[in-house]
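Single chain ahead, written as structure tokens, the form predicted on its own.
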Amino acid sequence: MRPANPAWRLLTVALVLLIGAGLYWATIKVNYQWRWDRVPEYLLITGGEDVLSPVDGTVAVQGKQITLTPLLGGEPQTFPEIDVVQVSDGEIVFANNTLGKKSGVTPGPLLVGLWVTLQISAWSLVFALILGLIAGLGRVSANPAARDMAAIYVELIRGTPLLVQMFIVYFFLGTVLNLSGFVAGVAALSVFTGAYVAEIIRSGIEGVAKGQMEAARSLGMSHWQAMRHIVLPQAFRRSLPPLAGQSINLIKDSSLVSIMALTDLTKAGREIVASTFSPFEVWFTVALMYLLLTGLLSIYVRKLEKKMAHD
């Protein structure tokens, strides 16, 4: 690829500056007071971790150690190495009252939500690839029943909104099968994404020349051996870019699991906004965190494409 003309680079910089100036003008127009200094505490909490009383009881304080004797009987519980004691010796406390604080850095609500989003996205992607591979092979199968069932699955899932599917999985199937919100969220995302993965794999398989299969069969390979060792590796190379795009969509679609009582990144942002009334700083931060996830995935896929191109 030839080096780009510097003039075009300057035009890019000018356009970015113009967009930035437009955003700055918009913030002035809405007369909003920015509080970016509060964002770090949503990511990392440096004030320490609260130590809560598990039951009602009487406390005995010895230095930085607290011993809790339950009021209703039972073995006393000891809480050692409390850096900031917030109760006095002989005081009666109730369940979930704060006994003190342990110093240290703990993840803030946005990082906790990010971890939930990562877990849901990772598990959903694994199961979506498995479902998509099975349905994709069914779409090109010589068995009419397999083709019909795969086609029904793909058309049914692609023809209905993800939000509706999540409601059905969580409130109907989740109630019948007693599924947790996490399992229901992974199931809904996997089934939804798997339908699109199936079509990507089908197009990849059909893009491989039919002579490849015929040549493999003439060498004595079975249909499955030829598919596994000859056709699927080539189809995967062709399908990698759209699969990467679908994986990125999966990460963004995971924001809908907040309806399942899961505190993912989006719900964590919504809870912070409700308590702090700082919507713009929080949502810009949430957007940047999603962008970081999808950007890292895009970089990994590009490296994987280059590696496979040289193999």
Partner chain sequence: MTKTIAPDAEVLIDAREVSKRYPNGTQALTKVSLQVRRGEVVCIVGPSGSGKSTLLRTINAMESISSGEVTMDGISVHHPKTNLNEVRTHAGMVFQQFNLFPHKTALENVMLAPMQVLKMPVEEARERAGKLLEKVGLAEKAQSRPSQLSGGQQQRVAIARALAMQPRVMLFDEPTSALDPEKVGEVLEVMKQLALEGMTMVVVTHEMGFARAVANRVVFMDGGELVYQDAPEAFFSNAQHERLRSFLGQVLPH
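Computed from a prediction, not measured in an experiment: that's the story for all the values here. Numbering follows the first chain given and starts at 1.
Omitted from view is the form predicted together with the partner chain, to which the following refers.
The partner is not drawn, yet in the predicted bound form one stretch among 93-101, 176-184, 196-204, 230-238 has residues with heavy atoms inside 4.5 Å of the partner chain: 230-238. Put simply, residue 118 is far from the partner chain in the predicted bound form: not one heavy atom of it is within 4.5 Å.
In the predicted bound form, residue 134 stays away from the partner chain, with no heavy atom inside 4.5 Å.
In the predicted bound form, no heavy atom of residue 159 sits within 4.5 Å of the partner chain. Put simply, residue 221 is close to the partner chain in the predicted bound form: some heavy atom of it is within 4.5 Å. Proximity to the partner chain in the predicted bound form, taken as a non-hydrogen atom within 4.5 angstroms, holds for one residue of 125, 85, 216, 166, which is 216. Between the partner chain and the residues 141, 77, 225, 106, the one pair within 4.5 Å by heavy atoms in the predicted bound form involves 225. Taking the partner chain as it sits in the predicted bound form, the stretch 196-214 comes within 4.5 angstroms of it through a non-hydrogen atom at 211, 212, 214.
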